[in-house]
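Single chain ahead, by itself, as structure tokens, in the form predicted alone.
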């Protein structure tokens, strides 16, 4: 197991970090390639942030030194898809040169960085935080790979500082606080759906942390994303939704799409190659895919106004850079679509192992908006687009079997590279009520057994923790690798069923991490300026790039009692009690009186006459 774990870590290049010099303030670690893109910030330059209470004496002694700056950047990337759909990706990055984890230092003044998140980092000693809310499933075979992947529902994984003593206690409090900040159901995250991976989800920021005791990962595949989650997310932006690219974030348009995902990523990063200065990076991303059918257009013609019901009029005044990128790689001569207005600015970037060309619209320049002082990009397709190239790595998963006692989980991993084999790290978190038979685990490639080089399995405990399975598998070139495992369904207590038990129970997506061979040489020099969408994952070597793939969540039926029978029993019992006990109670509490029968009319008239005459009454 030890050698396998070493192979897994080396294969993904996560431990090749160099420690910082001792005289550098901040966490001890090194620069992560792909992390120090913050050194190449746009033309505006850093803006001085207010001085915190802990820094005031030091700065006063230094003769009024400048406080650590904070700065923000925003980008929108539009990628026309071969299917006629369009992929829009928003990225907002805020950097602050401060240290929330420094003991004895209290950060009290905030300018661009949200105070609510800064207090969370400080209180719970969080080193990295990644949270996403996704509605819909990303169709890799139709849309290609996204810039930042995310599974359906809610996903949260956190690295805590190595000084935390009670990680589980901090995790429990943290999810409840985040549930309030984002108006989500994260409070349903508990020990039954939280795992502690041993090889997956390495830190994306600086830090040489390899002790996975300080890592927690959880998903809520049934979480529904709606406007109440988008509103607090927009409030974290420096300009809110009042200026810049955020004015396009109109909820009724964003949620009227086939895919929507919003995320928040917080991590410490290096600002230069030598990592002589560090900063906290807050990156907010929002990805949405519009298709011609749900939008009701019926034709392949897109514009900012049709997609978002708004146009761009200005950049965020607090942003150092504000740009819109349109992918024109497949349209070098304009034979596929027309893009207007035309911009002379072109930029190339290596994204997901491929060199792409983008038309760039700089919102910080007045000439971008033209005489109308408004930017409305229009894309008109000319003809039918060809088939998209198949991604080198994708996966799918399904449940097989019949009946409600046993079943089998199948995970298919596709390597579409014609001649290169590469390893992948598979992580599966299965709820405790699906009791896995780990001795039935099989891995086959091209009808042959494919023995994993590393396996980590943690069995579940009923109502306490889920199953955790991690494997490092070598994928042969141009092959399909199938991972199967059998399970038995457990019978829950009647109080553990959901209000709609016949709908089924969700099982979170499998996570596949890999270094995929690159078509072109990847850029490992993070000192060069790069767009935000191409600089999220660290790049260790030129020949490969990191990819994380999520499969579909599973919907499994469990043995469900007939909840209508208790209802019938309750109705019948209540009826018997109401009739029997009601009649008995009525007899015990009613008062009976004897009443004489009333006299006839003739007899009453006779008595009146006899009374007048003084004769005794009848």
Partner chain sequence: MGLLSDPNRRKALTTLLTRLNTPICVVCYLAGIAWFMGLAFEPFTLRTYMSENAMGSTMVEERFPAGERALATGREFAGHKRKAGGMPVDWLVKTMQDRGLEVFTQSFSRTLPFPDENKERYMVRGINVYGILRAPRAPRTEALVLSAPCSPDNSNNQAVGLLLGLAQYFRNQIYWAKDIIFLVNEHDLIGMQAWLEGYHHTNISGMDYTPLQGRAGSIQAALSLELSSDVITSLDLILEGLNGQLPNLDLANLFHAFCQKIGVMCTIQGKLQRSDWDTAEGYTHAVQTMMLMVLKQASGRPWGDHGLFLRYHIEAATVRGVNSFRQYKTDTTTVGRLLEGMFRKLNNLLERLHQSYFFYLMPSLSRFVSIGYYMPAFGLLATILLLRALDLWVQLGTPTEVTEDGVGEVEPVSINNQGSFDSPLTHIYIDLYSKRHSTFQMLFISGEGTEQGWRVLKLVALLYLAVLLGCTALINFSLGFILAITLVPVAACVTPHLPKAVSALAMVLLSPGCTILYCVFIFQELQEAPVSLSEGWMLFLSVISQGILDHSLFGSLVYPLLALLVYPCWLLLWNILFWK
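Residue numbers count along the first chain shown, from 1. Since this is a predicted model, take the numbers as computed values, not measurements. For clarity, a rigid core is taken as the largest C-alpha set superposing within 1.5 Å between two forms.
Form predicted together with the partner chain: not shown, discussed below.
Contact here is defined as any heavy atom lying within 4.5 Å of the partner chain in the predicted bound form, and by that definition each of 137, 152 and 259 is a contact residue. Although the partner is absent here, residue 402 lies within 4.5 Å of the partner chain in the predicted bound form, judged by heavy atoms. Though the partner is left out of this view, residue 494 does not reach within 4.5 Å of the partner chain in the predicted bound form, counting heavy atoms only. Taking the partner from elsewhere, residue 69 is found to have every heavy atom lying beyond 4.5 Å of the partner chain in the predicted bound form. For residue 410, a non-hydrogen atom is located within 4.5 Å of the partner chain in the predicted bound form, even though that partner is not displayed. Only one of 139-147, 354-362, 89-97, 334-342 lies within 4.5 Å of the partner chain in the predicted bound form by heavy atoms, and it is 139-147. For the options 213, 503, 446, 380, the residue carrying a heavy atom within 4.5 angstroms of the partner chain in the predicted bound form is 503.
In terms of contact with the partner chain in the predicted bound form, the residue from 272, 291, 330, 173 that brings a heavy atom within 4.5 Å is 291. Contacts with the partner chain in the predicted bound form, taken as any heavy atom within 4.5 Å, map within 590-618 to 590, 591, 592, 593, 594. After superposition on the rigid core, displacement of the C-alpha of residue 442 between this form and the one not shown stays below 2 Å. Once the rigid core is overlaid between this form and the one not shown, residue 240 does not reach a Cα shift of 2 Å, moving by less than that. Taking 2 Å as the criterion, residue 348 does not count as shifted between this form and the one not shown: its C-alpha moves by less than this amount when the rigid core is aligned.
Note: the CA-CA distance for residue 502 and residue 260 contracts in the predicted bound form relative to this form, by 3 angstroms or more. An increase of at least 3 Å in the separation of the C-alpha atoms of residue 501 and residue 410 is found in the predicted bound form, compared with the displayed form.
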